[in-house]
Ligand code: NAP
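Take a look at this one chain, the form predicted alone, written out in structure tokens.
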């Protein structure tokens, strides 16, 4: 078995971005918007800030109160979209329940939508890119392979499925209404779990030699961070597997940096 080192892969991508930014000889500015005090979002934003610092992207964070009105959020996104000094925009999700992310996203300019959320955006979603990159680090050609994606969210699961289809994999998407998920995962050459349920994928659900990609991030009652995969038990079964942390998380942020760089090409 092989543990896919997402941090190492991410560092390689960030070095390429940093070199490209030095060659451009121009300041690149990335503005992120966060609403409220979601603990997980705070961690994600902090990690994005650090990555931007590492590669030389100027990062600015806009903090809005938990009770911010939809109109005020939309107005800020419109302002950033029309600001010639802002190259890239990210709206940190999820939003508080009274706000519509779908409505807000419509106010982000397509050319600045480095999270790939706006319809017609030139950018691919960062997590989906990270997942594909991790898979290809151990299986460069996946055409003809069977891939099972657990989770169908428009933010993660479905973009991953679409990228895998584009690579000519045969893709099965499982979700909360799927009967007998094990029936499908046992057939898979590649399993990607993006559900957000701790240790959902167990060893008996994995075919010997499968590639297992864990996108989930969950906090257990004792404070331990784990993914959707029962890592220690699945490890001997899989041919390759991503850990949590230091798996897909760092790759997601690295591809965000690459998308930001591509926004100024």
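Note that the structure is a prediction, hence the values are computed from the model and not measured. Residue numbers count along the first chain shown, from 1.
The same protein has a further form, the form predicted in complex with the ligand, not shown here; the description that follows concerns it.
The candidate stretches are 230-238, 50-58, 23-31, 195-203, and the one lying within 4.5 Å of the ligand in the model of the complex by heavy atoms is 195-203. Interface residue among 163, 142, 172, 181 relative to the ligand in the model of the complex, by the heavy atom within 4.5 Å criterion: 181. Contact with the ligand in the model of the complex, judged by any heavy atom within 4.5 Å, is made by just one of 187, 153, 111, 82: 153. In the model of the complex, the ligand sits within 4.5 Å of a heavy atom of residue 248. Residue contact with the ligand in the model of the complex: residue 71 places no heavy atom within 4.5 Å of it. Taking the partner from the other structure, the ligand in the model of the complex has a heavy atom within 4.5 Å of a heavy atom of residue 217. In the model of the complex, the ligand sits within 4.5 Å of a heavy atom of residue 127. Contact with the ligand in the model of the complex, defined as a heavy atom within 4.5 Å, is made by all three of 44, 176 and 252.
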